[in-house]
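Just the one chain here, the form predicted alone, laid out as structure tokens.
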Amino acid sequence: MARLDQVITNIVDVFMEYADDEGKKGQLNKEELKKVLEKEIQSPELKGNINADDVEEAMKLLDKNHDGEINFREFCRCVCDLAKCYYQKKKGKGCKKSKGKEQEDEED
């Protein structure tokens, strides 16, 4: 399997594994999100940006529709933000924290 194929299938597989653990099927609740962050993010560069110890803050950043759970779209946004952060660090630039909805609305 090609590398990008693996990345895509891994993102889907990780989400489905944790989202179907407890709570609503197809969504991550706080406990499921905490498990994902603890087990699936090991890189120190990335752990500092979304941290399992601060699940409340992670939920605020990720839960764009404010329903208390993370759907697949919100999860993908998180993975994309982490990828952008890693890319910036590889280029020697700092990583920008994700913006909340209020900041995004102000910029539009």
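The shown structure was predicted, so the numbers you read here are calculated from the model rather than taken from an experiment. For clarity, a rigid core is taken as the largest C-alpha set superposing within 1.5 Å between two forms. In this text, residue numbers run from 1 along the sequence as written.
FYI, the form predicted in complex with a further copy of the same chain isn't displayed, but the following is about it.
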Is it the case that residue 16, even though its partner is missing from this view, gets within 4.5 Å of a further copy of the same chain in the predicted bound form, heavy atoms only? yes
Please determine whether residue 55 contacts a further copy of the same chain in the predicted bound form, using a 4.5 Å cut-off between heavy atoms. no
With the partner left out here, check for me: in the predicted bound form, does some heavy atom of residue 40 sit within 4.5 Å of a further copy of the same chain? yes
With the partner left out here, check for me: in the predicted bound form, does some heavy atom of residue 90 sit within 4.5 Å of a further copy of the same chain? yes
What are the residues of 67-86, in order along the chain, with a heavy atom within 4.5 Å of a further copy of the same chain in the predicted bound form? 71, 72, 73, 75, 76, 79, 80, 82, 83, 84, 86
Verify the C-alpha shift of residue 77 between the shown form and the other one: is it 2 Å or more after superposing the core? no
For residue 35, does the CA position differ by 2 Å or more between the shown form and the other one when the superposition is done on the rigid core? no
